[in-house]
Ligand code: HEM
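Next up: just one chain, as structure tokens, the form predicted on its own.
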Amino acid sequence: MSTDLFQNPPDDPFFEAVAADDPNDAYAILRDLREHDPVHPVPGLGFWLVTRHADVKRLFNDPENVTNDRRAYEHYVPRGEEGSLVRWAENNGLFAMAPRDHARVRRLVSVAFRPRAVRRMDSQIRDVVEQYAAPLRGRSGETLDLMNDFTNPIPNAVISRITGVPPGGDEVRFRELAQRAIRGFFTFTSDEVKTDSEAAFTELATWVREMAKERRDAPREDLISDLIRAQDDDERLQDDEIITLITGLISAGSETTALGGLVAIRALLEHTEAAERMRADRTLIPNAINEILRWGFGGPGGLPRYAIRDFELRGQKIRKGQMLMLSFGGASRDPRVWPDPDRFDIERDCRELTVFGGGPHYCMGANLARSEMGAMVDSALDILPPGSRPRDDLMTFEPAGFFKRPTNLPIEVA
């Protein structure tokens, strides 16, 4: 794929949605695609954009036709050199496992998420959020950057804390490596980003391996120790499996949860009545998180699947090896599932939410992400009194493939 597409995208609805300055414009473009061209071929990029909820839901769990193993992609280029840790992780990670092995690992991981561990994680999440929230309270009249000072550092700090990395310099280094490692795993990233990501991933995985060895000799109250203790029918997780699980949790949960926190704060500021209801009744927050994710997360982006055979979808002939991008924004505002889908309703039934995937590869960190976002929203309601407003004129962005990634979230505090 030519990098010229990043600077000079074709005249196509998908690229128009990506480039739209107003999210409402992007969702309007997705609405038109969903109704008239629900399986849309994206020129120059060689993938199909899938925008209907029923199709997205089906393709998350359709092993006869698609896989999330990127090695099935017709334009697949292996990461890392032969024999490198990055190459090994790609060939042995959760997405590459045979169904039986994948089911075994998920079963063992579920043992590590028993009530005691979940309560400990909830406490660690609250501690981390409070660490970053405390300096931001009482800042009336100031303009705060709630991305770099709040939503961005929290997810990686949480993951490092629950993994067992102590607060302080080690936690900062762990977070920096995690952020660099993550960016190379997104679709259509540059070679420069991939190279930096591979170096960070290698250092991070080596660190996790050493921690696993230490925990086998002296278990602690942390996730790595829980995974080591996990046992079912005399089966245990091996250190290499723990490495792929922890690094997978980092790559899946940090950048996405940081952006989820950003979406949540903007939703609070744009829907002041809903924010006031949550401010008065914090029990509304958990369901509000699902509605925030439905209403504002992902836009035209989504998760890829790769065709493992030729098949037909909505009259389009999908060829073996092609990518299908399952659009979050398309599925999450499909009126066939969501009445009045453009309306923000914190009491909406969101059981059909697709942003965490579905089927056997449903995101294992979904509840962790929801807890983090809930804690961030709870604190943001105290940081930002009524009348606070986003300063869109001060926002900046950086390229992330053909998407624009915000680099800040300036909010003027009332």
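Please read all numbers here as calculations on a predicted model, not as lab measurements. Residue numbers here begin at 1 and follow the sequence given.
Keep in mind that the form predicted in complex with the named molecule is missing from the display, and what follows is about it.
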Can you tell me if T257 lies within 4.5 angstroms of the named molecule in the model of the complex, counting non-hydrogen atoms only? yes
Residue-level question: is P385 within 4.5 Å of the named molecule in the model of the complex, judged on heavy atoms? no
May I ask you to check whether V42 falls inside a 4.5 Å heavy atom distance of the named molecule in the model of the complex? no
Proximity of V129 to the named molecule in the model of the complex, heavy atoms at 4.5 Å: no
Given the named molecule in the model of the complex, answer whether the residues Y27, I292 and T407 all have a heavy atom inside 4.5 Å of it. no
Given the stretches 331-339, 167-175, 211-219, 295-303, which is the single one in contact with the named molecule in the model of the complex, using a heavy atom cutoff of 4.5 Å? 295-303
R106, R279, R314, K194 - the one with a heavy atom within 4.5 Å of the named molecule in the model of the complex: R106
Please pick, from A205, L227, M147, I159, the one residue with any non-hydrogen atom lying within 4.5 angstroms of the named molecule in the model of the complex. I159
Checked 263-279 against the named molecule in the model of the complex; residues with a heavy atom within 4.5 Å, sequence order, are none
